[in-house]
Every structure is written in structure tokens, then in C-alpha cells.
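Below sits a lone chain in C-alpha cells, taken as the form predicted on its own.
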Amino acid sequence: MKAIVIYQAGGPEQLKYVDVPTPQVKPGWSLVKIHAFGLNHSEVFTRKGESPTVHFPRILGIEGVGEIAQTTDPGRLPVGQAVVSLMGEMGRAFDGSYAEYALLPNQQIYPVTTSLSWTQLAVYPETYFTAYTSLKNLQPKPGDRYLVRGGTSGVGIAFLNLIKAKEPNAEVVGTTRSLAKVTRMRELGFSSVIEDQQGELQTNGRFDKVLELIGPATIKDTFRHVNEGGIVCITGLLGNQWTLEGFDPIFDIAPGAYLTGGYSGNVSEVRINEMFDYLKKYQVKEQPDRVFKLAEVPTAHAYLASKECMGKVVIEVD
């Protein structure tokens, strides 16, 4: 089969398009024909060698959509069944979706019923599951004023779409470091846009619910813009800082506010179906920002890290 294999850490050029043996099924694992997958910033970190538990060579890819090619669970996962898979050490402890086929644990393969194209379906699994989990953690209420710090990211736009589909008049403000993106962000549905200048928001405004996608690098500044009783959910690490350093919860959390975290690794079939039910009920729709072919993954990685990227980058395997 064709696959993208990384043999050593480095830039996008380390992602090699090569022929490798198709994986053979083993007890408790089934073979999935990967039709499409989304790219994620965590895969960029891994490519750079910033995931210490990941050893090379490795086929990356923490999510994918496709169908069962060979099964060890014909009752739940019959051959031809449409499925999604995400997280669970996929593309980290074992080979992931950057390939024509992926051998995955049965408990990490989730059957879906959908009329979407594979490319369209690939927009949703990891990105929307992360955004949906974060939205639940923020305990949304009618009239909340939202801030998405990191509003041009795939998760940021997914979060916006989840809110706006259910509550079209909700105020959802996005941040960006590039003012050149303001017009596009407004077209996507953000109520207004705030510049994020060297880790400081250029506003005196305050918000009830904040999705923090830059992460620990900006959390102190974020809490300067949170109303009493507000909630901040750290979900992303776009600021390339993994942990809170020099953070005093007594003084750095805004008075009466709360801090929580969103983690897309808490995946289950029940939660996946709950998300897809939400998408269907509120008719949440989104198109990928860009679509690349499997052989173009190095170019797609470069695009994902560029200033031009805004939204979900999808790879077509077929």
C-alpha cells in the first residue's frame, strides 16, 4: 500500500510517500480502508520531534474515515461498514491514517451512518469532537458572550459553527494575530474580531465563556477578559507551550471564574454518536479549507502551519 512514513524528526520534507506492506489483521484489530483524513496541529508537533513518546519510523495520523476492509468483529464491524476513528494513540503508539489502510483496535473504530462524501465526513471527527466536548465543558447558556482565542484554527471555526447552528444570534468573537484574516472571519460568522498581539488581546471587552486554543502561553491574559462566573476551557496548544508555568490560581483566575480543559481523547461510541446527533439536529455544515492528495501531505503540512490556513485541512486518499 501507499503511505506517508516519517523516519526522523524535521520539516515537512521528512514525510516520505512510499510503498509499505499492508497490515495484517490480528485478534481484536480490524483493517480499515482509509478514504480521507484531517490534519491536526498535534501531528505537526510529532513531526518536529516534540512528542517524546512517539518513536520513528511511524505512519502519523490521529484520525481517519473509511470502511472496514477486513474484520475480526463481523457483528459490530462488518466488511464495508462506514467508520470513523480518532485518538487513542492512533498514529502515535501504532501506525495511523496517513496511508491507504490502517490496522486499528476494534474498540477505537466507530460505525457511522452518513450520506456525506468521504472528504466532507473527514472534516468532522477529531476537530468537531474536540469543539463539541469543549462546548459542553463551557456549560453554554442563552445570552452568553463567547470568545474563541485562536479563531482561525479548525477547532475554533468548528466551535463557532456549533454555536451558531443552534443559536444564530449568539455573540461569538474570534481572535487572530493577522488582521488580513478579519474579513474572512466575519464571512465565516464571527460577530467581531480582536487582534491578538504578542499574547495580549487588543480589547477591554469581557466574556462569559472562552475557548482557549492558544493554551498556557496566553491563559493569564485571557482571564483578564472574563466576567465573574465565566468559564475558560483550555483545549489547544497553538502557543507551543504545553504546561502552566508561574500560574497562581488564586490570583491569575479571574474573581469568581472557572478553569476547565477540553480533551478529545475521551472518546466513546456514545459520545461520537451524540456529536453526530447534534450535527444532524442543528444542520451543522462546513467545507474543508483545503483538500490535498495523499502524496501531497508534505505540502499540506506546510500549508497547515502557514498564515493562509483557516479551517480544516483534509487529505483525500482515494
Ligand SMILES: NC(=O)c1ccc[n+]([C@@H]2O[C@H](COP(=O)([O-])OP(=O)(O)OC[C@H]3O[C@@H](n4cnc5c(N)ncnc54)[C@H](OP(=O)(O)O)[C@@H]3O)[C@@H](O)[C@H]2O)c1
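Counting begins at 1, following the sequence as shown. Because the structure is predicted, anything quoted here is derived from the model rather than measured.
This next part talks about the form predicted together with the named molecule, which is not shown.
- Note on contacts: among Val155, Val148, Ala102, Ala122, the single residue with a heavy atom within 4.5 Å of the named molecule in the model of the complex is Val155.
- Note on the partner interface in the model of the complex: the residue among Cys309, Val20, Ala302, Leu294 having a heavy atom within 4.5 angstroms of the named molecule is Cys309.
- With the named molecule left out of view, the stretch that reaches within 4.5 Å of it through heavy atoms in the model of the complex is, among 53-61, 257-265, 66-74, 270-278, 257-265.
- The shortest heavy atom separation between Leu237 and the named molecule in the model of the complex is within 4.5 Å.
- Interface residue remark: Lys164 is not counted as part of the site for the named molecule in the model of the complex, having no heavy atom within 4.5 Å.
- Residue contact check for Phe45: one or more of its heavy atoms lie within 4.5 Å of the named molecule in the model of the complex.
- Not displayed here, the named molecule is kept clear of Val210 by more than 4.5 Å at the level of heavy atoms in the model of the complex.
- Contacts between stretch 156-177 and the named molecule, counted in the model of the complex as any heavy atom lying within 4.5 Å, involve Thr176, Arg177, listed in sequence order.
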